[in-house]
Ligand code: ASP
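Given as structure tokens, the chain that follows is alone and in the form predicted on its own.
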Amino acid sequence: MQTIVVKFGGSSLANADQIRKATDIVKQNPSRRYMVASAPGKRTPDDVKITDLLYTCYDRAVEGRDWTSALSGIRERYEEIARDLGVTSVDLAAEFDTLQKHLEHEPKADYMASRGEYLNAKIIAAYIGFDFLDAADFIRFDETGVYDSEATEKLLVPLLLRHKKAVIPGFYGALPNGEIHTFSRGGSDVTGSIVAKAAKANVYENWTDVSGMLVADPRIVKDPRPIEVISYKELRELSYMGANVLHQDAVFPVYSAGIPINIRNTNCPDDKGTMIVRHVKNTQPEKIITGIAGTKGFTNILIEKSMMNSEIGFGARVLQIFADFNVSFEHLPSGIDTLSVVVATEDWKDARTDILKRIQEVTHPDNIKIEDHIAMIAVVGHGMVGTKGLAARVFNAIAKADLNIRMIDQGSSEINIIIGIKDEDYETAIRALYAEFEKDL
């Protein structure tokens, strides 16, 4: 018998009606044995996610402000979900008494945030008749908060063998001392991937509110084409550059096991969605690119110095300065006498003056130029490898749109070309690139 692990996002589990849709999907296929649940998301565009409300409770508690009304609102939503589903076996009164005591004494942000998934998974497990498995019992982080795959698998693999069907809350696990610790926002995707690997699943289905990934952002490009199949590497590149259908860290557990991911739409369950696989068979040689994605808000620090290429360790010294201030770089284009360090503007704003001072002291450059308000755009695709004239098409598309490229970066794998342009030109550039390659999709 096959095993399919399914993860449902917050919009798919926002209320009782959505939960019914999700559980109907699970019950339609007996192979869907493990369901990973997110916290309830927005029911309407003006609504507030449960996780955000839980963070509000925590913030008010540590600031000495009243949090009781926010907690009451959360409780009412869960009581409404349980009532509409006819679930009476989950003691929500006891659960919220525990939450209240936690807020009254020594509130922890991660613990509070994790309760959204925890409570939703408990209710769903009772409704669908599956076992409930608390992620804190098997998802493990080390003392520094880094996910511990070895410790997790040692606990989770035998646990899944004992529980043939289960609902598992996403987003959190526990430190060695038992304290609740969360992944970054969107971390339920990671939990689903971890469970899929431990279960040796045939497929990991990630159900959300879109029918898979699109070639470009539909808020910018009208009716962009869907992506039917994409490789892990292509997904990683697009996710890194802002395509947010799937948490980028969710790729790694299933990638190592060779398990495909299928992104599906809870509201359109018959749509095939996007299949993410280790290798894409190039059955359509005319298909050059897979997707276009980007993000605004970068700064380019251009360091100029004659004979830079003859200074051994020049780049290492520059990067060490950023590391010393706990600032990661995003891209590192370079020339013979130039080195650009691209960072997220928000990440280095507090240390900006000190970093520039250190660069002057350590490297004695001829000049340093700073350019803020840079957007980075990636054109990604396995069909790009070895394709002649591709870079020219990218640059010509931008030129035809009367835009100026501020920087260029291409990975050695040849599956992506990244350009930097002004923030204000971002949307125009995305449309121009999509128009250039649309006939090849």
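All figures in this text were calculated on a predicted structure; none of them were measured in a lab. When you see a residue number, it is the position in the sequence shown, counting from 1.
The form predicted together with the ligand is left out here; the points below concern that form.
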Just give me the single entry in 207, 298, 138, 171 that has a non-hydrogen atom within 4.5 angstroms of the ligand in the predicted bound form. 171
Sort through 382, 406, 49, 60 and report the residue having a heavy atom within 4.5 Å of the ligand in the predicted bound form. 49
Indicate whether residue 117 is a 4.5 Å heavy atom neighbour of the ligand in the predicted bound form. yes
So in the predicted bound form, does residue 193 come within 4.5 Å of the ligand, heavy atom to heavy atom? no
Answer yes if any heavy atom of residue 186 is within 4.5 Å of a heavy atom of the ligand in the predicted bound form; otherwise answer no. yes
With heavy atoms only and a cut-off of 4.5 Å, decide whether residue 39 touches the ligand in the predicted bound form. yes
Look at the stretches 178 to 186, 360 to 368, 310 to 318, 224 to 232 and give the one with heavy atoms within 4.5 Å of the ligand in the predicted bound form. 178 to 186
